[in-house]
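A lone chain, given as C-alpha cells: the form predicted on its own.
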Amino acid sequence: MTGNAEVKVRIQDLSKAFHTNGHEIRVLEHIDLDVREGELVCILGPSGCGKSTLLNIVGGFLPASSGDVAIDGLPVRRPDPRRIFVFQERGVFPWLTVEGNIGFGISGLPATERAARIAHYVRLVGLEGFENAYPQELSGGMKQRVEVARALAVNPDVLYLDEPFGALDSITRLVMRSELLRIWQTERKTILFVTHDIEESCQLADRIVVLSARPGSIRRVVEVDLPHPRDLSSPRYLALRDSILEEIGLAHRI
C-alpha cells in the first residue's frame, strides 16, 4: 500500500458517549483518522476501549455524539450494502449450504453470473469439495471462511472485521490470518480490522491504530513497512511488536 492512494474513509474529531441511568459514559474522544483506498488498517486496544463502537459508527450502525465520518467524501448516515461486517460470532446460516451462504447476498444476479461468483469465492477461500456441506459439518475455521466469502461475494468496497478470529484456537487463527492476507492481496479491498491481539495486528496491518483505554483516543498510528509474508522472528518484526507493547505499558510484563 502506498501513501499516494486516495483517502477512502475519513474520521474527523469523532467522539461517542452513552447515557445510562442518568450517567454519561464516554467511550471515544476526538478520533481523527484517514484510511486509504485498498489499505488494511488494524484498530488495536484493550477490551472496553471503544474499538467495536468506532467500527459500528463508521459502518453507520451507531451515530456519533460529535464529529464526522465520510466514505468517498460522502457522510455516513446509515449502513450501506457496499460495506460489509464480519463479526467474531460466526454468522453463517445453519439451514444453508456453503454455496447457499456465499450466494445469500447476490440472489438478484442472473443465475449464471451468481453461480460463477459463488464458484470463484469457494475457490478463493479454499472450500472446493464442501459446496454442499452445511455449517454443522464444518470446522470453526471453515465457517469463518464461509463468512468471509459471503462478505466478498457482494463485492463490497469496504470490509469491517470485528475480531473475526477471536473465537478460534491459536493454530486456526494463524491459518485464517494467512488466508485473509492472501485474499486481501488478491481482492485489494479496504479493510478496517478490530483486534486486541498485538501479534495479529503486527502480522496483518499496513498501519496499526493504537487506542488508549476508555475513553478511547488515538495514542499512536504505527506505519508497518514490513513485506508480506512477515517473518515473525525477524529483528524488524520483533522491534515493531515490542514498540507497541511499550506504547501500551506491557513491555516489561511479559
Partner chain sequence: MTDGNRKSEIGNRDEGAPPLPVGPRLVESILLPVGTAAVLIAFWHAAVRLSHTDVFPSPLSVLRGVGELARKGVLARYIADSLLRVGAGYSLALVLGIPLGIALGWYSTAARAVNPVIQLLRPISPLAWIPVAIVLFGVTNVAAIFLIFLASFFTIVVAAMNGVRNVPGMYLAAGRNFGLSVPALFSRVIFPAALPRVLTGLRVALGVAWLVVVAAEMIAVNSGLGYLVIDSRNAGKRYDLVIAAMLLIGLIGLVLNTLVRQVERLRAVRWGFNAP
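Residue numbers count along the first chain shown, from 1. The structure displayed is predicted, hence computed values, not measured ones.
Below, we turn to the form predicted together with the partner chain, even though it does not appear here.
Chemist: Pick from 92, 124, 168, 118: which residue has any heavy atom within 4.5 angstroms of the partner chain in the predicted bound form?
Modeler: Spelling it out, the residue with a heavy atom inside the cut-off is 92.
Chemist: Could you tell me which one of 176, 84, 183, 76 places a heavy atom within 4.5 Å of the partner chain in the predicted bound form?
Modeler: That would be 84.
Chemist: Look up in the predicted bound form whether residue 112 has a non-hydrogen atom within 4.5 angstroms of the partner chain, and give yes or no.
Modeler: Heavy-atom contact with the partner chain at 4.5 Å: absent for residue 112.
Chemist: Considering non-hydrogen atoms and a 4.5 Å limit, does the partner chain approach residue 157 in the predicted bound form?
Modeler: No, residue 157 is distant from the partner.
Chemist: Quick one: does residue 105 come within 4.5 Å of the partner chain in the predicted bound form, counting heavy atoms only?
Modeler: It does: once the partner chain is placed as it appears in the predicted bound form, residue 105 has a heavy atom within 4.5 Å of it.
Chemist: Give a yes or no for residue 145: in the predicted bound form, does one of its heavy atoms lie within 4.5 Å of a heavy atom belonging to the partner chain?
Modeler: It does not: once the partner chain is placed as it appears in the predicted bound form, residue 145 has no heavy atom within 4.5 Å of it.
Chemist: Does anything in 48-80 come within 4.5 Å of the partner chain in the predicted bound form by heavy atoms, and if so which residues, in order?
Modeler: Heavy-atom contacts within 4.5 Å come from 61, 79, 80.
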